[in-house]
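One chain comes next, on its own, written out as structure tokens in the form predicted alone.
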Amino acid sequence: MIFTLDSYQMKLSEIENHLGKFKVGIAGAGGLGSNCAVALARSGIGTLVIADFDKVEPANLTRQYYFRNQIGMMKADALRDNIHSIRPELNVLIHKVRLDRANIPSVFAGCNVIVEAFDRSDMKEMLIETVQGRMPQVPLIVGSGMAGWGNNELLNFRHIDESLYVCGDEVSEASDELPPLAPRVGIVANMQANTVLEILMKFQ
């Protein structure tokens, strides 16, 4: 298939009407999850399901979609507030829980797409195994490799298999010497959101 801009042309109202039918899960509300959720909210997604058990800390303000007056709040609550300040009518369902193999299917029941937004590699692996094993029909978009700065050309999108997608450079692991900074984290978060839209715009 040859890509043409004509095949992607649609009025904003038509896009919003279409996306408004869908429900997207966000696993984690940190740098990736909070920025991805806001991008999806601005695009017209009908329902967001956000799962996170952490509180907003001062260090989070360097790259996450929170504000100083929200320090100490549960991230899920704060992110819901921020999304509603943009689109009050958007349905935001929050789960202030630590996700695990047992609760993932119930938390994200009915979601058309799930976005992985964890910091830890073991949690990423657990989510991938659980979704692909127990919810194999649901597309999963993971983030991998976004630490540091520059190297824009290394940030990629890759379709791994029928239901698994990866956004990032898949190499750079965050550390004290290579911290995750707002620009690259934001690029990957928006790449994840853009992948959600690309998937959902093909749904009927």
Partner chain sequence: MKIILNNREEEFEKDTITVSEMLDLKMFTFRMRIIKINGELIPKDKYSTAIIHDGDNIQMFYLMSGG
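Quick caveat, the model's predicted, so the values are computed rather than measured. Residue numbers count along the first chain shown, from 1.
Same protein, other form: the form predicted together with its partner chain, not shown, and the subject of what follows.
Novice: Want to guess which of 37 to 45, 149 to 157, 162 to 170, 52 to 60 is within 4.5 Å of its partner chain in the model of the complex, heavy atoms only?
Specialist: Contact-bearing stretch, as computed: 162 to 170.
Novice: At 4.5 Å between heavy atoms, is K124 in contact with its partner chain in the model of the complex?
Specialist: Contact check for K124: yes, within 4.5 Å of its partner chain in the model of the complex.
Novice: Does any part of L32 reach within 4.5 Å of its partner chain in the model of the complex? Heavy atoms only, please.
Specialist: Yes.
Novice: Flag R120 as yes or no: does it have a non-hydrogen atom within 4.5 angstroms of any non-hydrogen atom of its partner chain in the model of the complex?
Specialist: Contact with its partner chain, yes.
Novice: Please check if P139 has a heavy atom lying within 4.5 Å of any heavy atom of its partner chain in the model of the complex.
Specialist: No, no contact at 4.5 Å.
Novice: Checking a candidate spot here: are D100, N103 and N112 all in contact with its partner chain in the model of the complex (at least one heavy atom each within 4.5 Å)?
Specialist: Checked in the model of the complex: no contact with its partner chain for any of the three.
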